[in-house]
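First, one chain by itself: the form predicted alone, in structure tokens.
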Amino acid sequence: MNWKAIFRIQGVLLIVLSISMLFPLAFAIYYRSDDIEELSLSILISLVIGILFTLIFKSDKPLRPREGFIIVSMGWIFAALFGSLPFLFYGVFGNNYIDCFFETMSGFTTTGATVLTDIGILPKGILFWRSFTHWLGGMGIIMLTIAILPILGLSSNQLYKAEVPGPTKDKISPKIKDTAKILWYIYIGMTVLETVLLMIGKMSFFDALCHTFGTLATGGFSTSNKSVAGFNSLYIEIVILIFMYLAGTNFILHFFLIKGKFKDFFNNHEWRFYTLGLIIASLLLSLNIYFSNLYDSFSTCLRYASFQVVSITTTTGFVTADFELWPYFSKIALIILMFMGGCSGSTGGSMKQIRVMVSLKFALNEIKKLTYPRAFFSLKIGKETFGDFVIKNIVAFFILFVSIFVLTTLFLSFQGYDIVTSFSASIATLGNIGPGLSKVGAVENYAFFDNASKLVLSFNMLIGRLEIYSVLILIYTLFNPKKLH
């Protein structure tokens, strides 16, 4: 195992992280908040350790696939460890570093689960950093490094495979670095556009920017204790809903739109499945809520239901209504949507739409094979044929995903938490969603969990964001080092 190259790249990532902290520092200086010293110290520590890593660990050997997975997994852990320093130094959670780590991991993995009971107490610099971790984690800190630092060279191919979510790794350009740059240009362009549109809706620049970070990264951190509901604006909700939907769409498809390749965009079967599912779910929940007499009109039911359906499916986690008060059908439907997630190649989390499609088609093919034993049925979605390797990968992912969900639920229930809280907190963190049901519902938080549970849920966020395999490879490597030489 090429540990020198692995730790050298961790040093590069820490340097990128320290540079990223300059943005919240600038806001802290502008607003004259009292977190300037804490942010400056966090930048200094991250920068110094990052430089030391790059100087001490040197290797010219090319990276192998498993080393790419390990670099990505360790990169997110290092980001959470050092990204939590502003929270720790300012004393946001007293001396409880686990709370700081939980909040930061939730930010970078775009989960949006919080242990804060009062967001309004945070100074502007740290509040901005909290939301900015979403934006960095949305497209991926590894992708950012690939895009701006040629130091990674040919090794970037292995990092790209480990970083990009979904079973398929589409590329815009033959060069990974160029693909990463284009995706970041699209990401930045959408950030500017949504920020401007939210400011038109009379959001302050600071609030607009923070909510844009949470939207495009499908994260869900808000500057208000009431989330998006705190602004009570239909215009703002529509803007955020549209951009949540776009963030849950494969970013390669956005590139097709920009290039005028409309046929390639609209012929994408995963996008069609994703869009149709959102429409059907929104209508069903709207009808269910309407006939339960919770709101005055169907338009109000449609407003709240469609926002929550898109927010939960894309794993954003913004809320405009307390869905804990909704009928059982609506709550169960939202739980099911938590397993679906966005499209592959999007910033959305959970299982991804393409995996759901392949799993359903695989099950249908098995029924056909039992009916017609001598016939051959290939697994095709549109014009794309999925081979045995991809199918086995998706089936294994499904088994691992459900197994981790069940084990986390059992652990939380063993800790004494009720079953609804346990299973919804499990899927809400594993799927990088944020809010769940019961004690982790739309208007609640994760502060009541004990430290052991917070660490397990933090692990859930990480393994969900990196889609299981990267983290499991790291764990296997640490416990079976001799077998990998």
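Just so you know, these numbers come straight off a predicted model, no measurement behind them. In this text, residue numbers run from 1 along the sequence as written.
Unshown form predicted in complex with another copy of the chain; subsequent notes refer to it.
Chemist: Contact between Leu455 and another copy of the chain in the predicted complex at 4.5 Å, heavy atoms?
Modeler: So Leu455 does not count as contacting another copy of the chain.
Chemist: Residue-level question: is Phe27 within 4.5 Å of another copy of the chain in the predicted complex, judged on heavy atoms?
Modeler: Looking in the predicted complex, residue contacts with another copy of the chain do not include Phe27, since no heavy atom lies within 4.5 Å.
Chemist: Test of understanding: in the predicted complex, would Ala333 fall inside 4.5 Å of another copy of the chain by heavy atoms?
Modeler: Residue-level check for Ala333: yes, a contact with another copy of the chain.
Chemist: For Phe23, is any heavy atom within 4.5 Å of another copy of the chain in the predicted complex, or not?
Modeler: No, Phe23 sits far enough from another copy of the chain in the predicted complex that none of its heavy atoms falls within 4.5 Å.
Chemist: Please pick out the stretch from 385-393, 208-216, 72-80, 130-138 that is in contact with another copy of the chain in the predicted complex, where contact means heavy atoms within 4.5 Å.
Modeler: Selected stretch: 385-393.
Chemist: Sort through Tyr328, Tyr235, Phe298, Phe266 and report the residue having a heavy atom within 4.5 Å of another copy of the chain in the predicted complex.
Modeler: Going through each option in turn, the one that passes is Tyr328.
Chemist: Identify which of Ile121, Ile399, Ile200, Ile258 has a heavy atom within 4.5 Å of another copy of the chain in the predicted complex; exactly one of them does.
Modeler: It is Ile399 that has a heavy atom within 4.5 Å of the partner.
Chemist: Establish, in the predicted complex, whether Phe243, Ser282 and Tyr290 all lie within 4.5 Å of another copy of the chain, using non-hydrogen atoms for the distance.
Modeler: No: none of Phe243, Ser282 and Tyr290 comes within 4.5 Å of another copy of the chain in the predicted complex.
Chemist: Within 4.5 Å of another copy of the chain in the predicted complex, counting any non-hydrogen atom, which residues from 413-439 show up?
Modeler: In sequence order, Ser413, Phe414, Gly416, Tyr417, Asp418, Ile419, Val420, Phe423, Leu437 come within 4.5 Å of the partner.
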